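One protein chain, two forms: both are listed below as C-alpha cells, the first as structure 1 and the second as structure 2.
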Structure 1
Amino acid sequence: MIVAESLVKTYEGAKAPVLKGVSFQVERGEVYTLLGPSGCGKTTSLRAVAGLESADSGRILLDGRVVFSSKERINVPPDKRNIGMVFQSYAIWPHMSVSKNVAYPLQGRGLSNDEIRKRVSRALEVVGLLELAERPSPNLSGGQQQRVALARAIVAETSVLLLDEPLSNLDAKLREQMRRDLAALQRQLGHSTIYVTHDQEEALALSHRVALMRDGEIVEEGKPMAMYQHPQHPFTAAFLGAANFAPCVIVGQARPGDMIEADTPFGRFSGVARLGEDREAKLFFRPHMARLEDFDAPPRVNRGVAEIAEYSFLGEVLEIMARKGDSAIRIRTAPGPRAAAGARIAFGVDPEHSAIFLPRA
C-alpha cells in the first residue's frame, strides 16, 4: 500500500507551489494513475514517493512504513525505500548486456550469485526476454528496452512499482501492445502501482483508479469509466475525451446532484446538475452519446436541432460539426451517406448521458 498525505512542494524561485496538499492512497494490487497536463505536479508526486524529490511538508508511507515525514523529520533515501521504478527514458546502461542491466539493482544486497541469476531469469521470463539475456543493450528495439526497464524494476521483488510515462517514447502501435502487456504484468505480480501519464487513453485502459491533476492539485479521483461517463468537474469532462459544451440557461431551481432542465441554442435538455467553474451554465455531453433523429418528429426535451457545418472522417466514426447561431457541437456516428453542408438535422441525448455544469457561485 502507498499513502501520500498533504504533500506540498515549492521549487526555489517559483511563484506557486508545484504540489498544493496532494493526498492519495494506493491499495495492494491496484494501478493508480496520476493523469494531467504538463506541469500539473504528477511527476513531482511520483518522485516524492520514490524519494527522488523531498516535499516541503506532508507524509508518505509504503506498506505501513513511514519513509517521509516533515513533522517527524524522516526522509528515507530512495535505495532504502524498497521500490521498483521505470523512468521515461528507461535509463538502460549501454555497456551492459540485458541480464547485467536487470541484475544491477540486486548488487550490494548480500545475495549469492546463484540467487541473483534466478531472480534475473524470473524477471526476464515475466517480460518475455529470457532468450535475449546476453544480448548487448544497444542492440534492442525501443519496445525491448522498455521491457528491460520493467524487468529491472521488478527483479528486486518489491511490492511497490512506480512508472513515469513509460510508453511515451514508443510509436502508437507499440504503445497499444505495451499497454496490454503492462496490464497483464500487473495482474500477474499484484504490485501497488503508481502510473504517471498525460495520455488519457493510457489512463483509462490501465487504471483501477485515476487521479486527474491540475495546477498541483487533484481535481477529481475515481474509477476510469465513471469519470469518463459521469465527470463531476468540467475539467474532467474536457480532459478525458471529446466533449461538447453548450451555453445554457437553467430552468427553475438547481442543486448539485439533481436532474434539472436548461435551455440551449439547440433546444431544451435535461441532465444532472454539477458544480461548474465558469460564469455561465453549460450543457455537457460526449459526441458519441448523441444520436441522429428524424427531423420531422415532434419537439421534446433532450432533442436538439442544428445545421451541418462540416464533416470529419475519423475511420471508425464520422464526426459531424453542427451549428446553431454562434454555438457548435460535434456528433459522432457510423460512416454512411452524408447530407449536404447547411442541411438541418435533429439529434437526441439521453438525460443520464448529459450533465449541466452550474455557474460559478
Structure 2
Amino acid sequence: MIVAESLVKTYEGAKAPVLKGVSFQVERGEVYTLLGPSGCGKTTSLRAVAGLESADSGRILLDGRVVFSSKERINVPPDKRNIGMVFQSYAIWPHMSVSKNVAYPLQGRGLSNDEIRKRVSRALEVVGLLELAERPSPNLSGGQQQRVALARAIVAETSVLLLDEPLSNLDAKLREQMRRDLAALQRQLGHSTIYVTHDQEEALALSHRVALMRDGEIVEEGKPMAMYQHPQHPFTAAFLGAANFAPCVIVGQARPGDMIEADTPFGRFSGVARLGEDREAKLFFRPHMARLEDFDAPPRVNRGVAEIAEYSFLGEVLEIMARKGDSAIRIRTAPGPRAAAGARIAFGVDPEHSAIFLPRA
C-alpha cells in the first residue's frame, strides 16, 4: 500500500511549487494512474515516492512504514525503500548484460548465487526475454529494453512498483501489446502500482483508478469508466476524450449534484449540475453520445437543432461539425450517407450522459 499525504514541492530556483499538496492512496494490488498534461508534476510525485526527490512537506508511507515525513524529519533514502521502478528512459546499464542488469537488485540481500540465478530466470521468463539473458544490453530494441527494465523492477519481489511512462518510447503497435502484457503481469504479481502517463487511453485501459493532475494538483480521482462518463470537473471532461462544451443559461436555482435544466443556443437540455471554472455555464456531452433525430419531430427538452458546417471522416466514425449562431458542437455517428453542408439537423442527448458545469462563483 502506498500513501502520500499533502506533498508540497518547489524546485530550487523555481518560483511556483511543482506539487501543491498532492495526496493519494494506492491499495494493495491496485494500479493507480497519475495522468495529466506535460509538466503537471506526475514524475515529480513518483520520484518523491521513490525517494529520488524529497518533498518540502508532507508524508509518505509504504506498506504502513513512514518513509518520508517532513514533520518527523524522516527521509529514508531510495535504496532503503524497497521498491521497483521503471524509468521513462528505462535506464538499462549499458556495461552489463541483460541478466546482470536484472540480477543487480538482488545483490547484498544475502541470497545464494543459485537463488539469484533462479529469480533472474523467473523474472526474465515473466517478461518473455529468457533467451536474451546473456545479450549485452546495448544491443536491444526499444521494446526489449522496456522488458528488461520491467524484469529488473519485479525481480526483487517488492510490493511497490512505480512506472514512469514506460510505454512512451515505443511505437503504437508495440505499445498496445506491452499494455496488455503489463496488465496481465500486474494481475499475476499483485503489486501496488503507480503508473504515470500523459496518454489518457493508456490510463483508461490499464488502471483500477485514475488521478488526473493539473499544475501540481490532483483535479479528480476515480474509476476510469466513471471518470470518462461522468466527469466531476470540466478539466476531466476535456482531458479524457473528445468533449462538447456549449454555453448555456441555467433555468432557476442550481446546486452541484442537482438535476437541472439550461438553455443552450441549440435548445433546452437537462443534466447534473457540477462545479465549473468559467464565467458562464457550460453544457457538456461527448460527441458520440449525441444521436441524430428526425428533424420534423416536435421540440422537447434534451433535443437541439443546428446547421451542418462540415464533416470529417475519422475512420471508425464520421464527425459532424454543427453550428448555431456562434456556437459549434461535434457529433460522431457511424459513417453513412451525408446531407449537404448547411442542412439543418436535430440531435438528442440523454441527461445521464451530459453534465452542466455551473459558472465559477
Partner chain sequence: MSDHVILEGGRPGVARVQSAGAAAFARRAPFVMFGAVLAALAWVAAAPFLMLVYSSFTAEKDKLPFETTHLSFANYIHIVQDAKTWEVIGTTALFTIGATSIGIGIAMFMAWLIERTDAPCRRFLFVATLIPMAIPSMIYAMAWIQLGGPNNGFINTSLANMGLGFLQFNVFSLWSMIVIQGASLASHAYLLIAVAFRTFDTSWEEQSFICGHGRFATLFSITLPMLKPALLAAALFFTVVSMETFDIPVTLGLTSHVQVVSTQIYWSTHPESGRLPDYGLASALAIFLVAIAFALIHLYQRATRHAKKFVTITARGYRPRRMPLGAWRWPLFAAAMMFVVAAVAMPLFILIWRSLLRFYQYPSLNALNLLNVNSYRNIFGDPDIPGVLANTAKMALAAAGATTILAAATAWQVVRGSIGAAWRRRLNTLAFFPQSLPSVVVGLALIFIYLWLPVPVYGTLWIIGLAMVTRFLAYSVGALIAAQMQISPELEEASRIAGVGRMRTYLQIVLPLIFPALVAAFLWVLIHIVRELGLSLMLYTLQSQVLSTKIWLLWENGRVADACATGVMTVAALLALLALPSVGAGLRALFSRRARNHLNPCETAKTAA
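Rigid core: the largest C-alpha set superposing within 1.5 Å between the two forms. In this text, all values refer to a predicted model and were calculated from it rather than measured experimentally. All residue numbers here follow the sequence of structure 1, with the first residue given the number 1.
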Pick one: is 1 or 2 the form predicted together with its partner chain?
2
So, superposing on the core, is the move of residue 95 at the CA at least 2 angstroms between the two structures?
yes
